[in-house]
Structure formats: C-alpha cells, structure tokens
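Single chain ahead, by itself, as structure tokens, in the form predicted on its own.
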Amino acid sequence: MRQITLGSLIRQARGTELLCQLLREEHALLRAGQPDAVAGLEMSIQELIRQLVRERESLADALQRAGFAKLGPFLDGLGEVERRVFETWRAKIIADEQESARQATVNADLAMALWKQSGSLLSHFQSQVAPKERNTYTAKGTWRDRTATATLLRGRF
C-alpha cells in the first residue's frame, strides 16, 4: 500500500508541475497572438487534467480498499521519516495546484481582454466601411441620388 500511495503522489506531483508549465506556455502564446497554437495546447491541458483526476480517484479507491477514508489517517500510521517523504510530495502537489489555478485565472483574464479588444476593433472597422447614409442603393440595386434638401415630391413631367 505504501508503494502504491507514494507512486500515485509522485505521479500527481509531476503532473501538476507539467500543468504549471503548460499554463505558462499558454500565457506566452496568448501574449504572442497565436490563437491556433493556444487551441492545440488547450486540448493537451484538458487531457492532463482528466488524467490527474483519474489518478486522484484511483488513489482514493486504493485507500478505501485498505480501510482508510483519506490520506491523512494513512499517514498517521507511518513512521516519522517515511511520513515526511509523503508530506513533502503532498505539499508539492498543493503548491503546484495553487500556482496552476493562479496562472489559469491570469490566462482567462488575458483571453477575455483579447476577445473584447478584437470585438471593439471589428466594430470600429465596420463603422468606417459602412456607408453613412442607409438609403444609398434602391431595392433594385441601382444608385439612388438623394437631394441634399428635404423634398416632398420628386419626379419628371
């Protein structure tokens, strides 16, 4: 049981460390303006998160099969030196998860700001390209020559 638990903690620690690196890379790609690369990296991040969840669930199942409700009671039964090793890996997992959450928030804020900037820039370009008068062309697609002054009737005799 000790080897299973320690192996799972080490895999989780390495996975959360990799998650931090991927999120930092995503931030760099967002700043560089490479949305295609961000989309591909996002798929890798989601798959890594799924694997981390499965690893955590399998550890919880293994602990329950051994008669422990959580990791804490399992660690209480270990010696001082061995317990310190397990707690070191657990502390690394917690620190990397907090760093990942912080970086994910920064990335989400940056992505939202870029989306708003693109939307306002598109609106500005549309306002520059669109004709000022709405009735420039008739329904038949011909040019409608409007007078500059207001008139009630217009036509030929």
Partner chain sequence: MAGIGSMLEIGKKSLFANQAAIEVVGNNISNANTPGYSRQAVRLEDGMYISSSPGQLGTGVNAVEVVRYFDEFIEAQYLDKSSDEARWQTLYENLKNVEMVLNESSTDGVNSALAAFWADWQTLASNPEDTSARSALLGHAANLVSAVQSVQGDLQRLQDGADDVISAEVTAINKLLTGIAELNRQITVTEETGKNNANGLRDERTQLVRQLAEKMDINVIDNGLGNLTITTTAGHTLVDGSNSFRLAFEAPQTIANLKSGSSFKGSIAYDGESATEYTVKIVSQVGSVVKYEVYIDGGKTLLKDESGNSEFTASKDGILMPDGRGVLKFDIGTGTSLQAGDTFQVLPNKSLFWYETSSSKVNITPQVQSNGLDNDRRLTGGSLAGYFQFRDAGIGGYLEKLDAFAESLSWEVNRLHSQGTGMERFENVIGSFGVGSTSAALGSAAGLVFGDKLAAGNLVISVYNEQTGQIVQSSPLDFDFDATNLEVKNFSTTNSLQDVVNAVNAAFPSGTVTADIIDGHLQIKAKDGYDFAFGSDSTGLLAALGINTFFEGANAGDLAINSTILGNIAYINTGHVNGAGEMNEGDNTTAKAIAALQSASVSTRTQSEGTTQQTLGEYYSTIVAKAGSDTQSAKFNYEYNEALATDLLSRQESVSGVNLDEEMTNLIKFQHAYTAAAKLITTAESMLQVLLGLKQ
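Treat the numbers as computed from the prediction; the structure is a model and nothing was measured. Positions refer to the first chain, counted from 1.
Below: the form predicted in complex with its partner chain, not depicted.
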| query | finding |
| --- | --- |
| Contact residue in the model of the complex, from 120, 51, 44, 58 (heavy atom within 4.5 Å of its partner chain) | 120 |
| Option touching its partner chain, based on a heavy atom within 4.5 Å in the model of the complex, out of 101, 113, 62, 37 | 113 |
| Contact test in the model of the complex: residue 106 vs its partner chain, heavy atoms, 4.5 Å | yes |
| Residue 30, heavy atom within 4.5 angstroms of its partner chain in the model of the complex | yes |
| Residue contact check: residue 70 to its partner chain in the model of the complex, 4.5 Å heavy atom | no |
